[in-house]
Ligand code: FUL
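Starting off, we have a lone chain in the form predicted alone, written out as structure tokens.
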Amino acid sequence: MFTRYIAKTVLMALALGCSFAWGAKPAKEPKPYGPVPTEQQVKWLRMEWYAFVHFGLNTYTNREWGYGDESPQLFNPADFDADAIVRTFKEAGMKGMIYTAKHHDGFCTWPTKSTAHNITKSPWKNGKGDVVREFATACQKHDFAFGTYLSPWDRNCAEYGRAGYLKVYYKQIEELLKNYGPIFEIWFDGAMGGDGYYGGAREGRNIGNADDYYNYTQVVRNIRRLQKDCIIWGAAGRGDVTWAGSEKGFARHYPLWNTNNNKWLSLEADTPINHRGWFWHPGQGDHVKNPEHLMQVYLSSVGRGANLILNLAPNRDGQLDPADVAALQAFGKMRRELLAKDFALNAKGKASSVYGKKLTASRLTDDNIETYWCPKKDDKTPSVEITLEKPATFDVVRLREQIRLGQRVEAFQVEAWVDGAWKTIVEPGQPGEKEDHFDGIRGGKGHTIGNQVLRWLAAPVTTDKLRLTITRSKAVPCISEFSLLLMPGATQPEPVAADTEDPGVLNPAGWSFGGFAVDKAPLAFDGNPDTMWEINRCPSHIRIDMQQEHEISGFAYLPRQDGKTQDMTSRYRLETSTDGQNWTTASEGEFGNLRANPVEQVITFTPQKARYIRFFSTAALDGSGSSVAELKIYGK
């Protein structure tokens, strides 16, 4: 009987022990909400920023978009050093680079078997060179991610616009993904045809719907078969990443959501480090973006939940421009200093509620991006207080969601305990509000969080206690990080830097004008990018009398800067004359990439004597008019 009692007691104890153990077991994690990123998208987002490298025939022709008839003989860098370029990027804190293996002109900088228009026809290394391989090898050596850009548009290929081009293009994708090691990202932009050489046809070809023509569904299949972890940019929205909406480097819209038709679609912002464009141009050293401007770019891209790809273009010798490198190094140092110390690290946390014992407020400040705080089920507007180890002065707040469970937060508020009361330092965003360009970088409101959000406060704050409140959320929020940072040097945001004066630009004082809209012609020479010559007519022209003869060697054109593309001059012809009666065409062509990047474009030509100039607007992007914000004429 005693034995039976002991046995019964043991069984009860075991049962109770199991019950206690079961009762103490942490609640399961909340279920994912909406689309979630793939593991590769998560890794990609944590790279934050990396380099773009534009280097090809355009480097030697002073153009942004080559026509397709440029000779491969032009490509002959005297001192190209891929290893040095990659080291420069890595020392700045970048995580990888993407190289333009083929731009719109169709010139392939690797020995492709898909077209004869490739680097084997270049004198560089006696036709045995391979720029793609040299960059890929340097990246592998330095444990640096390597990616490639391959323009879908090919202005050289005779088959472009026809079914035969797909065989060429698919072959190029295959070569790049099979022969150069791991590719972390492949880039397809949205160029969809237009004027080109096309094997000598010299005509316009429009492919219509890019998704239908390139068959991006098949392109994605091909890439997944060759390199399943490769991030796909673009591909008509069928890839993993899409454009953030501006070539000025900011995510065009904040709040920023990473969802698209039940799919997680990350965003990437891109911009050149130089105001002159994506490829290297003579004289660009005076037009580099300063570190303060680059910090604004970083805060308005990475700080809104996107990634940033920053372009540095090698010159004709194959070397990075010293001014570009100096700006990159200075910004890299500024970024490292910003992120070097998190004043909230190891702060004590107290939440209004928790989902489970492992999802507590302490997870916000434990320096582990994978852990997170989550309030109790269905609590979409929770709050959490953190107490720092000691009072700290900071002016940047960084928040992250656990994106593996989806993006949830719509708006948040941050308060600091100052002078015995709660003071709001980040106001909650309201429905319908948005930030464009660099708006809201300093003193901006709290909207979406996603992968991360950085809010630069209107002024530094000193405190040892803060409160985060989620004011709107689509599902119970899962917050993985609450950080407090200090902007180095109390740097003030600066406006977009205007181009400095160019050496060699002729002074327009005393010039007279003719042609169309004569009363507005001086506005194209007043040094003010906010005014412009415009007329509801295309083609049309401005006639310039410089009053005396000069030897001129080129001109610079700045398109309208008011954010509109209507009547923006996209094709031109510039004529010169010594007597005002007999005219010679000095240059004609197109201004490339204006819709996405309306920056100043410099056109050079063989120096020639002239007193009179006629600038013709022969085509416009949209509408039927013509416009010029600024026009500069270069002397010898």
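Since this is a predicted model, take the numbers as computed values, not measurements. Residues carry their position along the shown sequence, with the first being 1.
Form predicted in complex with this ligand: not shown, discussed below.
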{"property": "This ligand contact at Gln41 in the model of the complex, heavy atom, 4.5 Å", "result": "no"}
{"property": "Distance check, Ala191 to this ligand in the model of the complex, heavy atom within 4.5 Å", "result": "yes"}
{"property": "Contact of Asp105 with this ligand in the model of the complex (heavy atom, 4.5 Å)", "result": "no"}
{"property": "4.5 Å heavy atom contact, Glu600 and this ligand in the model of the complex", "result": "no"}
{"property": "Listed residue (Trp49, Tyr67, Tyr572, Phe52) with a non-hydrogen atom within 4.5 angstroms of this ligand in the model of the complex", "result": "Phe52"}
{"property": "In the model of the complex, the residue from Glu401, Glu185, Asp324, Asp270 that sits within 4.5 Å of this ligand by heavy atoms", "result": "Asp270"}
{"property": "In the model of the complex, segment of 577 to 585, 32 to 40, 564 to 572, 52 to 60 with a heavy atom within 4.5 Å of this ligand", "result": "52 to 60"}
{"property": "Neighbours of this ligand in the model of the complex among 276 to 307 [non-hydrogen atom within 4.5 angstroms]", "result": "Trp278"}
